[in-house]
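Let's start with one chain on its own, the form predicted on its own, as structure tokens.
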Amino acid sequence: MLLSFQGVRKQFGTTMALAGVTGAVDGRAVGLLGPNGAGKTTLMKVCLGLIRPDAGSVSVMGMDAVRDPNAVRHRLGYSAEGPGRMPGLSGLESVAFAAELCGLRYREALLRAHDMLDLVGLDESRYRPVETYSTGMHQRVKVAMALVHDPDLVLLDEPTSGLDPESRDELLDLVVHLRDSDGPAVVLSTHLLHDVERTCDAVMIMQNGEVRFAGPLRDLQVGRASEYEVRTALPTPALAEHLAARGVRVTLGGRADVLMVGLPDGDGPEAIWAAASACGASVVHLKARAASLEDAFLEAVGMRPAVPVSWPRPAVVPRG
């Protein structure tokens, strides 16, 4: 497994940042997903050995991050959230300095810095002072610094924060390139669902210092056995009302003849057929609904609301 946690706890004063994190996840690009304050940054720093947990075990690529943090850091790259500039250095000097800190000799560090700046799209700005960089350029130079020593895994903490749409797309394209190449695996920490959906093949969802889901993205978005898309030959308000009266969650699916039906646990599609028969509704399409990432995320963190029935009544046209 790329990352594995068992009972990891960390408390700062009265704040419980990690409340017994347990889970394991593997993949080429893993999204560490959760709202601000969920514990994502703390967990990344625990993986790096920068923070020692109060309890629990942490395995990174099979290595014990608590007992041997130096070995883990040797194989990891890290792009922290926030500016982290080194004033007075150019982009090239910043990346080369990071390489030297990781043990590369000066000439090798300089050559690697050139390669990494080409990779992240800063080839024409490599000699400019980092103080003159835009936010997007600075995020990219931080990624170059994280990659320069050829790590096996790179941790990116909120790399698209504060970026304009074009810069964000360019950075996400870079993550996709890393995922699909023979370079390092990526852990992308973010609170933005779109970033994970676009770049990642696995996800770990955190809420209040706990892991709510860990695994392949496709497993999070499987078709839900209890949720169905129902299309009728004609709009049939009575079907929605009949199901709602039985405590079934029913919402419109964007068209008057389409319903999204969430059945209670234990009920199967036969309950929909029975309701349609009782109402005289002609069902022409019924299938299990695949979860969107937003639906799956809200369900994982226990925030998915129950939406009441909303059925458009036809306008009454007076005769004559």
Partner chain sequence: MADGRLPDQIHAVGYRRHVRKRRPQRAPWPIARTLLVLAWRRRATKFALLACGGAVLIAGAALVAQLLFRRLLGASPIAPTHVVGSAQEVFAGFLRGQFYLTAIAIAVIAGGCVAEDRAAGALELYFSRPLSRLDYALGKLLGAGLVPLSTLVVPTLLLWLVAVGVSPPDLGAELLWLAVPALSAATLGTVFLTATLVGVSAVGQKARTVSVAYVTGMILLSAVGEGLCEAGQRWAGYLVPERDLRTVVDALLHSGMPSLAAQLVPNRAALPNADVALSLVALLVFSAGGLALLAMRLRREVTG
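Numbering follows the first chain given and starts at 1. Model, not experiment: these values are computed from the prediction.
Beyond the structure shown, there is the form predicted in complex with the partner chain, which is absent from this document and is the topic of what follows.
- The partner chain in the predicted bound form is approached by residue 121, whose closest heavy atom lies within 4.5 angstroms of it.
- Contact check for residue 105: a non-hydrogen atom falls within 4.5 Å of the partner chain in the predicted bound form.
- None of the heavy atoms of residue 212 is located within 4.5 Å of the partner chain in the predicted bound form.
- Put simply, residue 184 is close to the partner chain in the predicted bound form: some heavy atom of it is within 4.5 Å.
- Shown here without its partner, the chain carries 73, 115 and 150, all of which come within 4.5 Å of the partner chain in the predicted bound form through at least one heavy atom.
- Distance criterion of 4.5 Å from any heavy atom to the partner chain in the predicted bound form singles out 145 from the list 203, 188, 206, 145.
- Residue 178 is the only one of 196, 240, 178, 220 with a heavy atom lying within 4.5 Å of the partner chain in the predicted bound form.
- Annotated contact segment (heavy atom within 4.5 Å of the partner chain in the predicted bound form): 97-105, selected among 228-236, 97-105, 188-196, 242-250.
- Within 4.5 angstroms of the partner chain in the predicted bound form, the stretch 77-107 places a non-hydrogen atom from each of 78, 80, 83, 84, 85, 86, 87, 88, 89, 93, 97, 98, 100, 101, 102, 103, 104, 105, 106, taken in sequence order.
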